[in-house]
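Take a look at this one chain, the form predicted on its own, written out in structure tokens.
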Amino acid sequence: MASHVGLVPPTPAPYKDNEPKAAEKIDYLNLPCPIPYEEIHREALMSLKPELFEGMRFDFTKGLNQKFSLSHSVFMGPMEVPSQATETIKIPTAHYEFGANFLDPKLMLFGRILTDGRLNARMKCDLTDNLSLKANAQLTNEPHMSHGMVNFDYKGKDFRTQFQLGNGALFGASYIQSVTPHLSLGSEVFWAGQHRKSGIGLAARYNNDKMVATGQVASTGMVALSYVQKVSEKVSLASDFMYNYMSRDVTASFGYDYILRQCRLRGKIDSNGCTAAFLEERLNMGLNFILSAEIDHWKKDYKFGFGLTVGE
């Protein structure tokens, strides 16, 4: 008699997907270094706060060698004047700006001088692999309007700390620490001796490959929340919420950031009814066309601008 062993169906293997997965172990001794405290909202700011302008702008940058370049900028458009009225008061203005840039792996220098007498200067110097020095200054002909700031930024293995010194007896310090691979917590303190004001702030940031969520509170009454969702490699959605406990001002905004092959489009709308859009179109290598628009029906304020950028 023939054997029937070969007719018996094999026992199905158990589905591994139904088995509970072991939780990923977190190596708390090898956490990533967080971004600086002052930049925790940078993804939301990139989408929601582009460099909007009104009028005409032309920027030209000429590289003299690999490290040194010169820049020329021309701007023509209205300038807003502070007023108690509901409608915005604007005065036509125009200025020319000359700049010089020096870029090195460990030293970066930027200088700008305008026809109205303003001088802007910025510097970033890596003193060591972990310690960097940042400085910026603005000099003007107007009394009490010139200012300067020096920052010392220390980058640890899983933390960052920063100390700030500024004119007007301004002192500040911040610290941010990674507590998990995706979560970092930080705090800051500051003292403005000239105005006799001090404050303390706390912040949290959670990020992964698809989203970034941040929250920040300060004793000055400020509460800031932001959220950025990466829909795809080219599309991001962003929102933020700003609340001031002292003045009771509340603002919420929603925006998008769309990166195409030849252009980048950013736009937003906020709870005050203000809408804005910013388009950067690459026409050719080293040639970019810029369109800027901002509409505020409540204040009857409409801003439109276009520009051209030549050079990289």
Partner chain sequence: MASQSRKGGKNRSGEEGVLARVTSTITQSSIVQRGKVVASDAAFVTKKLLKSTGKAAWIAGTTFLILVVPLIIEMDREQQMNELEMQQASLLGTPSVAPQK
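On a predicted model such as this, the values are computed, not experimentally measured, just so you know. Positions refer to the first chain, counted from 1.
Omitted from view is the form predicted in complex with its partner chain, to which the following refers.
Think of it this way: in the predicted bound form, its partner chain has a heavy atom of just one of Leu260, Met246, Leu64, Leu287 within 4.5 Å, and the residue is Leu260.
Among His144, Lys197, Lys234, Lys210, the residue placing a heavy atom within 4.5 Å of its partner chain in the predicted bound form is Lys234. Contact annotation for Thr275: at least one heavy atom lies within 4.5 Å of its partner chain in the predicted bound form.
Although the partner is absent from this view, Ala252 stays clear of its partner chain in the predicted bound form, with no non-hydrogen atom inside 4.5 angstroms. The shortest heavy atom separation between Glu281 and its partner chain in the predicted bound form is within 4.5 Å. In the predicted bound form, its partner chain stays beyond 4.5 Å of every heavy atom belonging to Leu52. Of the stretches 41-49, 56-64, 260-268, 25-33, only 260-268 has residues with a heavy atom within 4.5 Å of its partner chain in the predicted bound form.
The three marked residues, Phe152, Phe163 and Leu202, fail to reach its partner chain in the predicted bound form, with no heavy atom of any inside 4.5 Å.
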